[in-house]
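Consider the single chain below, provided in structure tokens and representing the form predicted on its own.
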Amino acid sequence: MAATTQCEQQTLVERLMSACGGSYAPEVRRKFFITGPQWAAAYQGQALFHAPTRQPVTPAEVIRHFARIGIGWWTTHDLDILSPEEMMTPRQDQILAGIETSLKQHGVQCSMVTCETFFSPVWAASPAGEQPEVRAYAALRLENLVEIGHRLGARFAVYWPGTLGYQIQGSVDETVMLKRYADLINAACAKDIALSRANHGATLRHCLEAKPFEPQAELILPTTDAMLGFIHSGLLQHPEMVGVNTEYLHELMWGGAPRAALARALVAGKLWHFDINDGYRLKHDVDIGVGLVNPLDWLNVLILLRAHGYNGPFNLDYKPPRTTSNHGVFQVSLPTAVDRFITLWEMAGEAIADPIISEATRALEAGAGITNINDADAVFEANKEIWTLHELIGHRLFQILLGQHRGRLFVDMN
């Protein structure tokens, strides 16, 4: 194949993208509560060992591209749109007014806002550290985030306490730090209640997001289960206002099962927000696009959520690869992430309605009908054949994933 010149490369990408097929129209994509983060679209490829590979992208550009793609919801950190010097100043009002204009112009809504409490040097010892002035500033930032959320019409606020912990053992009292962190969430909820009363509107849904590794050496709320325990610890003044934002990769990273973590949050009535991405167990936070690593696991996750009526946001919390260009982020990365999710969602619906899976599940739940339940050996003998259906169900899900249930087969013609 001849070399592809620089001026020909975008055309090649677009042609091959079109040849892939399987794309959904923007109108179809908008029917799903899929939210696009400013930080994902504007990610420049930088990391601890990586220099940026892409140019900066403004919120107005991101919102315009989201509208074209068919992503109807936009999310942001406060730091994505404001510098620390601009926060809580008249300049903040000017910037937010510009974003409001962009959202309205392109028919996109703000779904969620989240607060940066991990990057700035002021969080070196966490926003819930010993120094009262640090905690006071953290409270101001969270209260300001709530104001931003109300201003932009957001429904959710997410908090990621990635620096809540320590580097040096014995340097903090974990119980005290948890109480101080609760004080910050309480301040955000109190501000929310005051604003909703003043504006005669609804309060936000405040969601806590767990992560098992990094950036703090030891984290004290590393999993969704830890967050659920914290919510019900008695430290929060308004636990009814606080739920969880479970992230697929964050649960996978520590070796857990994301579906099981989601189930526990569902049972608790606290699964309000879901960050969707992909990656690998026992690795760092690679944030790969949904379905590119674990498509079968993702199918099972969506079967669970569809079966239990989850209707919250699916937030595209991933990083377009450093090898993808600015043009490619909006031409390939974001639209294909949305389309893979929709495809898996529809496959999950097929699996729920599949007659083979349904019959196998009913048979497993009915059991063998043995009445001599005080004899363990007899119970085992009566049921041992039916347990084979576990593997059969797994195979059927694989068939649905590949389309084999519709007759798609791969045959060696040699």
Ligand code: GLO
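Position 1 is the first residue in the sequence shown; the rest follow in order. Treat the numbers as computed from the prediction; the structure is a model and nothing was measured.
The form predicted in complex with the named molecule is left out here; the points below concern that form.
None of 112-120, 81-89, 292-300, 340-348 except one has non-hydrogen atoms within 4.5 angstroms of the named molecule in the predicted bound form; the exception is 112-120. Remark: F33 does not count among the residues lining the named molecule in the predicted bound form, judged by a heavy atom distance of 4.5 Å or less. At a distance threshold of 4.5 angstroms between non-hydrogen atoms, H250 is in contact with the named molecule in the predicted bound form. Contact check for D192: no non-hydrogen atom falls within 4.5 Å of the named molecule in the predicted bound form. Shown alone here, L271 lies farther than 4.5 Å from the named molecule in the predicted bound form, counting heavy atoms only. For the options V158, L334, L142, L204, the one in contact with the named molecule in the predicted bound form, meaning a heavy atom within 4.5 Å, is V158. With the partner omitted from this view, the residue of R259, H150, H77, R135 that lies near the named molecule in the predicted bound form is H77 [heavy atom within 4.5 Å]. Annotation for 316-353: the only interface residue with the named molecule in the predicted bound form is D317 [heavy atom within 4.5 Å].
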